[in-house]
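The structure tokens that follow cover one protein chain in two forms, given apart as structure 1 and structure 2.
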Structure 1
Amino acid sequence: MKDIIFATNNAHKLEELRQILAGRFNVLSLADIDCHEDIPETAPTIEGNAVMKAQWIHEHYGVDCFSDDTGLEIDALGGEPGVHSARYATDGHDNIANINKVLTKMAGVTDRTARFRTVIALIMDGELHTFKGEVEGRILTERHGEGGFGYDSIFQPVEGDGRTFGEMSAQEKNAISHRGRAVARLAEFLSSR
């Protein structure tokens, strides 16, 4: 199996990618290349952040790698939290605080339409490639489920049986999720090389 480096410090994302790519690619973490630094994520867009992270690792470590950035976009909030999804309520990745902020801002709002968007940026052989995935859904008024991470317990995808991502198994979520779709495109590209 070919090794591929995933430029993330997020253990949840790393585990999800390892599950999706299991049997096809051996996904290595930043720790596996002895990178313990905070990678800049200061671009104004999801795609910009994904590209920035991949380029930073490639420039500093000289390895082929991929990174991702994901955002939850809620129509009634003008696309928030969007690029700020991980740090919506605090400077740290505080999932509970982020969910609480969304639920507070959405109190009494009838239009609950939202989507998750993921962009993966791959640098291979000096070339940049991007892969996108999106899933439509709605924001619930309270948490349902203990699985997943981030906003999974309040996001109900349009596709599916009415459960939130937080109520699904990892396999069920990965089959229809934004990240699952982007990774499938990445895997198809890598397999064709």
Structure 2
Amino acid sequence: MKDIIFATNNAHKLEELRQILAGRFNVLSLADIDCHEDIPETAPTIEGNAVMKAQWIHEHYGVDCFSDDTGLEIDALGGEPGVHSARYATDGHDNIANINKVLTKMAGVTDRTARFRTVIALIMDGELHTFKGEVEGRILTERHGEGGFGYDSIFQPVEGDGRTFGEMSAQEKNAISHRGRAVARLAEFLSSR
């Protein structure tokens, strides 16, 4: 079975990808290849960051690899937090502070439309391929649900039944989510190789 590196240390994402590609690819993490450095993520777009991370691993380790990057784009905030989604409120990954910043900025705003966008960048046999996934939704005025992570508790997908991502099971969320869709496209491509 062919090895492929997923440029992440997020155990949850890694497990998800291992399940999807089971029997076809041996998905390894950054820790598995002994990479403990901070990979640069300084591009101005999520696509740029996904490509930057995959290219960095390829250049330094010479292996087939893929990386992902996600952003929440809120129309009334001109696309913010976008590429800054992880560190919107503080320098750390403080989900509650990020949500509070969004809710404060959105106070009294009637246009609540937003979307999550994920880009996966794959480098295979020296060639770059990208896979995208999006989900449209609305930003609620308060948090609903304890599940998921990040902005899940204030994001209500258009295609759902009114629940936020934070109120759905992982399976329900993955079936319609930005990352679920991008991963499905990656898996389809890898299956054809």
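Counting starts at 1 and follows the sequence of structure 1. Shifts are known only where both forms have a C-alpha. Note that the coordinates shown come from a computational prediction; the quantities given were computed from them, not determined experimentally. Definition used throughout: the rigid core is the maximal C-alpha set that superposes within 1.5 Å between two forms.
- Between the two displayed forms of this chain, it is structure 1 that matches the form predicted on its own.
- In a rigid-core overlay of the protein, residue 51 has its C-alpha displaced by under 2 Å between structure 1 and structure 2.
- The rigid-core alignment places the CA of residue 26 2 Å or more apart between structure 1 and structure 2.
- In sequence order, the regions between structure 1 and structure 2 where at least three consecutive C-alphas each move 2 angstroms or more after rigid core superposition are 1-4, 9-28.
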